[in-house]
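Okay, here we've got a single chain as C-alpha cells, the form predicted on its own, with questions on binding and movement later.
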C-alpha cells in the first residue's frame, strides 16, 4: 500500500484536498496548528462571489446550485482521513515519495470524538469555548491560560468524560509519499504603520475585525458599535492598500482586498440602517466577476474618494477624525467616522518559512513559489510536493478550491502510473 498524503493546513484548500483524496480511497493525514479547522473562513462571514456562508462551497461546477458544506462533511467519520488539530510540523526528512515527518502534537484537552457539546463545561468555566457554531470538529476547546476553579468541576461533571486537564504534548512520526502545503495567509496587523493609529486608536480596526463584527454569530451579534464606548456606528470609512503595494512593507497587490472591502461596504449600506460608508483608494481592483460589487456599492450610495489619507486622530465626538487629500478635486477633505477600517495586506502565515525551508522549496514574498516559474502548473512546488490556495499567495475561495482539486488530480494521476 502506498504511503499516505500529508496536508499541512486545514483551511478551505486543505479541507477540499483532504476530503476529495479520502473519498478517492487515499489515506490522508490533515494537520492543523489550531484547535479547530476552517482557517480564516471561520472569521470571514459572507463569501464572495456567492454571498453565502464561507463554509459552503461549490460542489459541482456542472450542476449550478449544488453546494458542499464542510460543517456536514463528517471529517471525523471518514475512514481514510486522520485529522490532527493543535499540531505542527517539527521535522521533515527522507526522500521525495518517502518522507518521514515528525509531528508536534499539542495537549488534547478535549476529546472531539467524545464531546457532545452539551454546554456543561461552558457553564462552569470561561476557559472552555466554542470557536464557532460551525467549528469542525464539533467540540468545545480549552484554553489553559484562562483556567479557573470551575475548570476542574467541568472536567468532573462532563457526562462523556471528554475533558483531560492534565493532557501533555507529544510527538508522532509518520511516513508519507506526498506533501500538500495549504498553510493559508495571515492578515497583516498594521501596528507599525504609525499614520493610521492602529493599536493606539480603539476605533481603528482591520477588515477581518469588521467581518467578525458583522457576523450575526459573532460576539457582537452583527451589531456595529464603536469599540471605544459601545455607541452605535453611524459612519464608516475604509482605506485600501494598507501595507500592500508598498515598498516599505509588501510590494505586491493582495488581490482580494478591494472585493473584501466592497463586500463589507454593501452589507453595511444595504443590510444596516442609517450607516454611511466611504472608501479611500488609489485604484479599485475588482477583477473578473467581482466588478458587480463595485457597481452595487456605487448604486447603494457608498462614497468613493480617490486620494490618500493624511491625518488620523481621535475626534472630539468619540470617533475618528480623518483628513484625506482628494486627488480628483485637488483639495483636502475632513471626515468624522465612527469606525476607520484598514484593508491590510495579506501576508504569509506564521511558520510558513520553516516549512518552505524544510522541504527545500522556492519562496516568493514569503509564500510558496512554483517549482518551475515558467510552467502553468503552479500547484507543483517540488518532487512529490504540492501547494494550493493562499499558500501560493492571495487568492479567493473558488480559486483555492480549484487549486486543491488540481493537486488531488495530480496525485491520483501519479499513483495510477
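Keep in mind that what you see is a predicted model, and the values were worked out from it rather than measured. Positions refer to the first chain, counted from 1.
Just so you know, the form predicted together with a small molecule exists too; it's not on screen, but the next bit is about it.
Which of these stretches, 170 to 178, 321 to 329, 257 to 265, 192 to 200, has heavy atoms within 4.5 Å of the small molecule in the predicted bound form? The contacting stretch is 257 to 265.
So, residue 397 and the small molecule: in the predicted bound form, are they within 4.5 Å at any heavy atom pair? Yes, residue 397 is a contact residue.
Going by a heavy atom distance of 4.5 Å, is residue 183 a contact of the small molecule in the predicted bound form? Output for residue 183 is yes: heavy atoms within 4.5 Å of the small molecule.
Answer for residue 136 alone: is it within 4.5 Å of the small molecule in the predicted bound form, judged on heavy atom distances? No, residue 136 stays farther than 4.5 Å from the small molecule in the predicted bound form.
Taking heavy atoms and a 4.5 Å cut-off, does residue 41 contact the small molecule in the predicted bound form? Answer yes; at least one heavy atom of residue 41 falls within 4.5 Å of the small molecule in the predicted bound form.
Among 208, 305, 309, 224, which has any heavy atom within 4.5 Å of the small molecule in the predicted bound form? Contact residue from the list: 208.
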